[in-house]
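Consider the single chain below, provided in structure tokens and representing the form predicted alone.
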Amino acid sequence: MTKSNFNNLVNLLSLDSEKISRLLDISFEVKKEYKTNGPNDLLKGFTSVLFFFFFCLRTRVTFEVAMAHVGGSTINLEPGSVSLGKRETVNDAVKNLSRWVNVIIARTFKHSLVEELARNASVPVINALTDLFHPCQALAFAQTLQERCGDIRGSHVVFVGDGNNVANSLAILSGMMGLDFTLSCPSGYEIPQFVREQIQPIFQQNGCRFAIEHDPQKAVASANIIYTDVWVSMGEEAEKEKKVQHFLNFQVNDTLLSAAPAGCLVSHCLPAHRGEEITDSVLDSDISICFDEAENRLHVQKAILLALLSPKYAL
């Protein structure tokens, strides 16, 4: 296989179907290896830095543990510890970090900041979530769905909720893996037009379908898996009252599941606001794969680190 110039993971659009499949193969491999033999030292001597502007249980813990599983170490920069753009410029800060660490893992509000980090860094940059994209979550979802269902090409993913960063990345991943994708949301909360313009050719190329359906009952009628996320993302707290009112009919509950085919699965990127976008009866049911997906964040992020830092795993 020809090695690619996979230097950063800022957005899944920078990959292609083959590279995504290869990343997932690595993730399955390292998960099996860890379950059988425990940690290794593939990245012994390597250091990652977590550059997070706000805390997240799953993202911080899984990246720290992933690095530890392959023999590396992690430095965590607390949000207030570096006055990025105030005490010093983004460019200066990232040039310093590039001299000290092997990979920068950033979780920010603005996607443009991760893009700026990637432009100025001389080491790989990983997007651990921005306002526009959440590529690691989408990859963990793909691994989890494959574990549960095997061959997933042709499956129908229905995202019920806001056309947010998770929806954007799931849509990109679906198109690249040959999955139909439907967003079911209130009018005005669709995936941004510029994202749709970028992903439509991917769906056409891979023979699958992207759609928007404002009636959630109709949207899930042929779903193989229903996905949801919080209605109000971080940074949108001031809009909570208005948004909740618009999304009341988009709760993933037993009534909505009754409109879906038998065997339909459910997932959530977590944390969940139980009783808002999803009910306890669904989240804790046997058809819920959200906690398996949370576990796979660990393994898929390990695969990303290896693909970026180890020649053995280069895509």
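Every value quoted in this text rests on a predicted model; they were computed, and no experiment measured them. For every residue, the number given is its place in the sequence shown, counted from 1.
The form predicted together with ligand NVA exists for this protein as well; it is not shown, and the discussion that follows is about that form.
Within this chain, L50 is remote from the site of ligand NVA in the predicted complex, having no heavy atom within 4.5 Å. Not displayed here, ligand NVA is kept clear of H156 by more than 4.5 Å at the level of heavy atoms in the predicted complex. Although the partner is absent from this view, C269 contacts ligand NVA in the predicted complex, with a non-hydrogen atom inside 4.5 angstroms. In the predicted complex, ligand NVA lies within 4.5 Å of some heavy atom of L129. For the residues Q198, Q146, N120, S233, the 4.5 Å heavy atom test against ligand NVA in the predicted complex is passed only by S233. Listed residues L179, C185, V166, A223 were compared with ligand NVA in the predicted complex; V166 is the one with a heavy atom within 4.5 Å. Heavy atoms within 4.5 Å of ligand NVA in the predicted complex are found in exactly one of 69-77, 158-166, 204-212, 187-195, that being 158-166.
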